[in-house]
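Encoded as structure tokens, the following chain is the form predicted on its own, with no partner shown.
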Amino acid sequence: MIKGKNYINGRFIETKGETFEKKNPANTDEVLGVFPQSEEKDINEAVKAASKAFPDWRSLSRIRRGEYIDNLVQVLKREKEGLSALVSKEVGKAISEARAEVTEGIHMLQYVFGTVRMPMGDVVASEIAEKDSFMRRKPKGVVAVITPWNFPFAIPWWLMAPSVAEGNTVVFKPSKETSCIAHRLAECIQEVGFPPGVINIVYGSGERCGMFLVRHPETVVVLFTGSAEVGQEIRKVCAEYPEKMCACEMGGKNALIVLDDADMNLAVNGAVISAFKTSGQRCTAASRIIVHEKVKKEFEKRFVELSKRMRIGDPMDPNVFMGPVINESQLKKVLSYNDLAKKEGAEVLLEGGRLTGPEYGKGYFLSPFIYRKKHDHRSRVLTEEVFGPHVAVIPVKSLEEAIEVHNATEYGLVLSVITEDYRKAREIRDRCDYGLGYVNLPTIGAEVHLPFGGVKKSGTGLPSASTLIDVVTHRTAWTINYAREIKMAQGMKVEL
């Protein structure tokens, strides 16, 4: 069992006061760790350390900062199997998924390390021949990083790695549900020898810890991944401060579109992966399968049959496809949406519910719930994010209707279309609202060098390594005159 301590200014700090336990969602008899419920004084201490470390870290060579990241990669590679097992135990995701997540986090760090020797600005032409103009990037300062529980290894590095590489310092607050993996990250960061205060980690609830970090006057950037409701509150808070910038990725109501010419093997396998990987607890999971009526009957039959064969159980078992949901609250939420679908007139294709018996009795295990329902913009189950193994099959009569149904949600994160017609795929690409799009693939599987972020209620499209640099740095203009006299652009006269 891990006895967690806040990691501040390069040291693990013993704190007095309230604590909370983290249990294994597959076996609630197993306590994985005990952690401090951080308070205002702890946040102040962490921000103070980050603020103090910022001038020296910013002044360090960008390439030297990258070397710290490369050294971290080597440590994480060495610890990969142990980190993967901890992710699997703490989140409840299948061990193969946990390994993939750790690989993704390492890939992010490798990507960022690769950028430190790349240009960090541009030489820009001036109207005046005797002038040289440059665009440069400067770090902003202390960055607050707040992450969810479903990707406790990868998402922190999506946000922290570009921040520190560009010369910022960080205060990181993980989800309470995944404090164990954050503690292991702190141990790896300390082993690498990052200068004290560059990366600080504090534990606790969003209400008592996270929002105070957001409101702290010395956190100039807030990077958040989580629910739309919390993200919107963070955006409102940041708007109150003249310097504070935020980037929020806030979930989705994603769809897999199956057109009438679809390869059915790709459609069915893609639907199962999209809907049920990580027990549907991904912001990129598809909870809507929009299917052309011509292929609906075959698709439903095969989709339900394959879903019935899905192996659910101990996520550490390499043969398991789907583990438990994260906690009792999430389990009850999913069950409530299952009931709501029936009340809203859905036709159940595969009944889902809490699994019982010796293999499941001590965990939060759910079987998949699949139903058919015609689109209705008033339907809560078709428009609200569920975040569990709950999926609707929505029949449509045409490509045009598929596009209309896809866009009939407040979210806009991910879509996938299964089709053999590149012209139809282009229509989907150009007319649907999304941040990440796929053809003949599941809705999950983003790669670190591509943009990650949505539109509408899903966010602003900013929080990933390939675009995050625009949030954590200022673009600055620098112009030098080499003439012995002043010459102005736009033909402005300078005679007195």
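Just so it is clear, the model here is predicted, and its values are computed rather than measured. When you see a residue number, it is the position in the sequence shown, counting from 1.
Absent from the display: the form predicted in complex with a small molecule. The rest refers to it.
With the partner omitted here, the residue from A94, I199, I234, A255 that has a non-hydrogen atom within 4.5 angstroms of the small molecule in the predicted complex is I234. A heavy atom within 4.5 Å of the small molecule in the predicted complex is found for exactly one of P395, G412, G206, G363: G206. Stretch-level contact analysis of 163 to 171, 220 to 228, 124 to 132, 269 to 277 against the small molecule in the predicted complex, using heavy atoms and a 4.5 Å limit, identifies 220 to 228. Proximity of E385 to the small molecule in the predicted complex falls within the 4.5 Å heavy atom cutoff. Using a 4.5 angstroms limit between non-hydrogen atoms, V291 is distant from the small molecule in the predicted complex. Contact check for I155: a heavy atom falls within 4.5 Å of the small molecule in the predicted complex. Using a 4.5 Å cutoff between non-hydrogen atoms, M250 counts as a contact of the small molecule in the predicted complex.
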